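The chain below stands alone and is given in structure tokens; this is the form predicted on its own.
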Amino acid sequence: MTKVERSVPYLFLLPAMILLLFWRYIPIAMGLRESLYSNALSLTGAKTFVGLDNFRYLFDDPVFWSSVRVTAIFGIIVNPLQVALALALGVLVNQSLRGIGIFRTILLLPVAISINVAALAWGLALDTNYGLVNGLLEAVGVARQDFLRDPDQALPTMIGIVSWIGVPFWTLFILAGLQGIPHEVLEAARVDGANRLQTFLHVTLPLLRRVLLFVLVADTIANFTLFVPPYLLTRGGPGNSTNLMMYDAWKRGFVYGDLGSSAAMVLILLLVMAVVVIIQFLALRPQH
């Protein structure tokens, strides 16, 4: 193989690498630089280099640790929940049942709706005074609930809204993985005496390992960087109960004007996200 032939694959990768450079690596480098400077301008008009002071400020800030706690609780619950529901629904819609096409269409409707529209629609439906959900609850004798105004209910409600938006999307990937499993493999397991549960646990799940790893990693990244629902529905409240790290970072930078600590917080979030994703890769990497 000549040098020109060996370079062909890299030429095809070059446009993607350029996009990654401009849309990923350069912004990360700029964020790292911003996190080392104060917003206060010097007499020359330049920002003041403060080193790690922005990080020290965050570590001494109880609001930061509150957002870390909320993000951790949110991630621990929502990621396994969404993957489990997507897997269950993927298995269900993969069945050859009467009317399954209509069910698939209804199930996938949230995928076609913008997250902004979906969040606002749920905000209206869950309104304490005029929302459809509370109207239905009151009709069956249940007291009206402050879904998005009660500190004890706001985060579980947010998890429910985000799952309604995300689960159908991840179901698409799992359904594609299920339909990619050769029918002969499943039939061979049944011929060997495996029942439905055994076939699912020992044949289907191992063959779905790569798809489940992708779904879990992508879902984790999406939920770590979740911004729209807290912004539109709760503004991080009530009582910081939905103050996720991404929203808190935005608020520090664009509401309080503290771009240094905002950039530092985003970098901390990026580091935590990278650690979690690496752990997921190690735990679910395909077995050879």
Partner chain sequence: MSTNQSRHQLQTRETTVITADNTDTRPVALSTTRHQPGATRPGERMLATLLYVLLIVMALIVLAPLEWIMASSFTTRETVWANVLPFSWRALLPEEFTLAGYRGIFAEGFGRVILNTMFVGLTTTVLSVIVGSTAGFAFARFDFPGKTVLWVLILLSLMVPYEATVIPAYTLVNNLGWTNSWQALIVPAVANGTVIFLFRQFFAEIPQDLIDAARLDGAAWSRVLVGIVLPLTKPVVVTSAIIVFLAQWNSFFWPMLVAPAEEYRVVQVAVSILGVQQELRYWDLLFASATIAAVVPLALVLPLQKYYVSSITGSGLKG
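These numbers come from a predicted model, not from an experiment. Positions refer to the first chain, counted from 1.
Just so it is clear, the following notes concern the form predicted in complex with the partner chain, a form of the same protein that is not shown.
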Hey, in the predicted bound form, is Y37 touching the partner chain, heavy atoms inside 4.5 Å?
no
Taking any heavy atom pair closer than or equal to 4.5 Å as contact, tell me whether M246 reaches the partner chain in the predicted bound form.
yes
Given that the partner is absent here, does F74 sit within 4.5 Å of the partner chain in the predicted bound form, heavy atoms only?
no
Would you please decide whether L52 lies within 4.5 angstroms of the partner chain in the predicted bound form, comparing each non-hydrogen atom pair?
no
Between L197, A143, L97, A84, only one gets a heavy atom within 4.5 angstroms of the partner chain in the predicted bound form; which residue is that?
L97
In the predicted bound form: members of 250-277 within 4.5 Å of the partner chain, any heavy atom
W250, F254, L259, V266, L270, M273, A274, V277
